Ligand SMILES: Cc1cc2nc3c(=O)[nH]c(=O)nc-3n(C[C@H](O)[C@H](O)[C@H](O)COP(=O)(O)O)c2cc1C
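Presented below, as structure tokens, is a lone chain in the form predicted alone.
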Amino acid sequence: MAIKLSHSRAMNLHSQYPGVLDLKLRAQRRIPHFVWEYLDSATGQEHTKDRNRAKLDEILFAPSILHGEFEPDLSTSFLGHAFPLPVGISPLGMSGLIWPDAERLLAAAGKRLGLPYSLSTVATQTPETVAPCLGEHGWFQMYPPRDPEIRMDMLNRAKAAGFRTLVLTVDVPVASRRERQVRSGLTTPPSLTPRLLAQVATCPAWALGTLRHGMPRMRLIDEYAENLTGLSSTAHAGYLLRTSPDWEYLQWLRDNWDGPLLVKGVLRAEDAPKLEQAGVDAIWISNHAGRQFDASLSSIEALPAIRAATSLPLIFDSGVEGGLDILRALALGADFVMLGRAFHYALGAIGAQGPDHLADILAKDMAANMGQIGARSIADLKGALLT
């Protein structure tokens, strides 16, 4: 199945932005510095972020010869659905800070492209405001609320808005320190100090869009903080409301959510059989792109052992910067790959048409590399690995 994109414009985007790096560099120029630091930073000295990149680069394939002409099949089946690419849009907190109205733009892109879109609990939009833009592959990512009434209400709202898959994030038991972000002057909620206003003044497209859509805030969390708990919206209500979940919490979710349930943030192989027994539908291997813990192994290092430990479908993220990285993860046993930063680079670089262009970049990159190694489909990738 070939992916069909609707971005043929007078301007040839591929000549200007042929790769993810080009989108990244343009986005850095078009969004304020404090916003860029929020998007691009990790925690500590960013060793885990660097390790994600370095370990992906170590995964090599053997080029193939004399395999004749063919057009690689990039499609896949995942959780009972057919997708034109084995790719989805990861949840990213405060997405609308990075680009105005980002959540709805990305949800609409997911619908056009036939790819999953995942909305974060700490997005700048609620499930209800995203619902009109949502396609059939809406995933709701949950930072686990402590209060069972809030928890149940959040599930009901997500389901009513059209989100059919629930993602429990388990790798944020405590707040991370993200020092680079703090140095930028960003606060929660964002407060435009003279220092930050000077940065905003250099980014007119971001500034006008933000003026039109309003200053970003965690609308879903704010509703619960203000209406149900009385917490101050000047504090990081996301952390005040959430808890560090345990196995009992997971079982509660399984009992109260009748759609696919995914667990995000898994790195230990010994957890995989337990998750399988708990009724989880897929495991999401992730180190939060290095944003939580600076002494973590890379996600790609964790993938083979987890693949050997379970028959559940596996999702992969962290460090993915192009189609070749997607192939690397698939070859090592992932069934699906999610990208967060890259889709926001695309929005920051060229706005609403950015996600479509990124999907085309990824598809072309995957096809070119599959041609080099003689892989006619995703199933052929593992046999081309150098071990």
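Numbers for residues come from their place in the sequence shown, where the first is 1. Only a predicted model underlies this, so the values are computations on that prediction, with no experimental measurement involved.
Note that the form predicted in complex with the ligand isn't included here; everything after this is about it.
By the criterion of a heavy atom within 4.5 Å, residue 319 is counted among the residues contacting the ligand in the predicted bound form. Proximity of residue 38 to the ligand in the predicted bound form falls within the 4.5 Å heavy atom cutoff.
Put simply, residue 339 is close to the ligand in the predicted bound form: some heavy atom of it is within 4.5 Å. In the predicted bound form, residue 154 stays away from the ligand, with no heavy atom inside 4.5 Å.
Site annotation in the predicted bound form: the residue of 224, 143, 206, 83 reaching within 4.5 Å of the ligand with a heavy atom is 143. Among 130, 109, 122, 303, the residue placing a heavy atom within 4.5 Å of the ligand in the predicted bound form is 122. The partner is not drawn, yet in the predicted bound form one stretch among 87-95, 72-80, 193-201, 144-152 has residues with heavy atoms inside 4.5 Å of the ligand: 87-95.
Residues 286, 288, 289, 291 of 285-313 are found to place at least one heavy atom within 4.5 Å of the ligand in the predicted bound form.
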